[in-house]
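The form predicted on its own is given below as one chain in structure tokens.
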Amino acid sequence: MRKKWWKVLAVVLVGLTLIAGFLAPVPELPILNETIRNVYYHVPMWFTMISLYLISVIYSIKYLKNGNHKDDILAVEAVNTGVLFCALGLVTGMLWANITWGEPWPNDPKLNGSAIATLMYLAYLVLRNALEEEQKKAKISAVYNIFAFPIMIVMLYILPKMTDSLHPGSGGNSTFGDLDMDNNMRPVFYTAVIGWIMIGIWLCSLRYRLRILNDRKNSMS
């Protein structure tokens, strides 16, 4: 049970935020109105994605240092799981943008940066599938992964702050925390972020364990 407590906690935290996301009071704001509730779902997807990509980078570095095949597996499965949360972040963001900005994908630097970052990580997965020799695949993709992470951070968080952007916290705009979220929303928001990150790590660990079992099965056959 010691190893399961955090998984139970993750489910509880996400369950509470799902309920509070629909039922808890939110401030009455122009344009946003009730759509501000999407901050409980859209933003945690991006935090979870970044956390998983960071884990992937850490294990790519570890693989280059020690050559342990399990580190390479964990690195790629963290990216696979991160791409899932990236897709959820894009979908929830497009739905929100369609209501508040009038179209699902306006010409916004942060949206365009997220598209480029997504393509970079999809290219990482394509690169791995294109190479057949395992050691070569692991080394090249590890180096690619290490460079992709800081570029992704630049595309999502640095460049949008330097130009005009529709997103809060970019282009001189106030952040949600400064302007829109009140004391009723903040506990729910931070709980959602923690819960979804834990769910992401759990899914990554499941993918990792399945991959290890599959490799053992292939080596025995």
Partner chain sequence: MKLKYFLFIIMLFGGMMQLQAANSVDMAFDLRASGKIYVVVLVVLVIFFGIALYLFLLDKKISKLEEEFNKREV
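In this text, rigid core is short for the largest set of C-alphas that superpose within 1.5 Å between two forms. Keep in mind the model is a prediction, meaning the values are calculated, not measured. Numbering follows the first chain given and starts at 1.
The discussion below concerns the form predicted in complex with the partner chain, not included here.
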The one residue among Y40, W196, Y59, Y53 placing a heavy atom within 4.5 Å of the partner chain in the predicted complex is W196
(Q) Would you classify I201 as touching the partner chain in the predicted complex, given a 4.5 Å non-hydrogen atom cut-off? (A) no
**Message:** For the three residues G93, K139 and F147, which mark the spot I'm curious about, does each lie within 4.5 Å of the partner chain in the predicted complex through at least one heavy atom?
**Reply:** no
Looking in the predicted complex, the residues of 196-219 with a heavy atom no more than 4.5 Å from the partner chain, listed in order, are W196, I199, W202, L203, L206, R209, L210, L213, R216, K217
| query | When you overlay the rigid core, is the Cα of A24 off by 2 Å or more between the shown form and the other one? | reply | yes
